[in-house]
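Given next, in structure tokens, is a single chain: the form predicted on its own.
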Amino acid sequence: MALQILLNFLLAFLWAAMNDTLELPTLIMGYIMGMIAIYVIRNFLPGSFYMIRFYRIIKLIVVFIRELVIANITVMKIVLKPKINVHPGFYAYPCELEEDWEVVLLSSLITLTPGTVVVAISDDYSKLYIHGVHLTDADEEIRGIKSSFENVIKEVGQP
């Protein structure tokens, strides 16, 4: 991926040099032309086309922002009720991610989402121990995390 990005920037500057200008529109056009050239020769370069991973990263950011907004609204509803009726609890989340950075990213995203905190990770990274402010059904919480964060992180981690 890094090689493809570097090659794309090199092609963009080569395009600008051939046009004898370093203006932004020329560089952007050179970058687009370089992206097309890299897409054409992608089978000869290591890894998959880098814009696919870029798309997956953007998708992860959008999913996180959506989950962040939903969690903030949920916590706000809990706090603003006249009588706070919460059911805090702990649950073990079975993690299927393989890479260390993927587990750390998942833990960080869960902790950054209001109402949940990762309090421990098992030694083999197969379980995350999570505290939820309002835990009505642990299985539902696990399904929610798997469908939102974990699946998208798996996509980002694919070569």
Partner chain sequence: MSSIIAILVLSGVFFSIIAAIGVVRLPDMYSRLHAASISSTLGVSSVLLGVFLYFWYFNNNFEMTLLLAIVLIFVIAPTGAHMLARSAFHSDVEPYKLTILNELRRDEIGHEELREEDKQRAEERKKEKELEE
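Positions refer to the first chain, counted from 1. Predicted model, so just to flag it, every value in this text is computed and none were measured.
Beyond the structure shown, there is the form predicted in complex with the partner chain, which is absent from this document and is the topic of what follows.
- Stretch 87-95 is the answer when you ask which of 37-45, 87-95, 22-30, 52-60 has residues with heavy atoms within 4.5 Å of the partner chain in the predicted bound form.
- Although the partner is absent here, Y129 is a contact residue: one of its heavy atoms lies within 4.5 angstroms of the partner chain in the predicted bound form.
- At the 4.5 Å threshold, heavy atoms of L105 stay clear of the partner chain in the predicted bound form, well away from it.
- The partner chain in the predicted bound form is not approached by L11, whose heavy atoms all lie more than 4.5 angstroms from it.
- Interface membership of L135, defined by any non-hydrogen atom within 4.5 Å of the partner chain in the predicted bound form, is confirmed.
- Applying a 4.5 Å heavy atom cutoff to the partner chain in the predicted bound form picks out N72, V75, M76, V79, L80, K81, P82, K83, I84 from 69-84, in order along the sequence.
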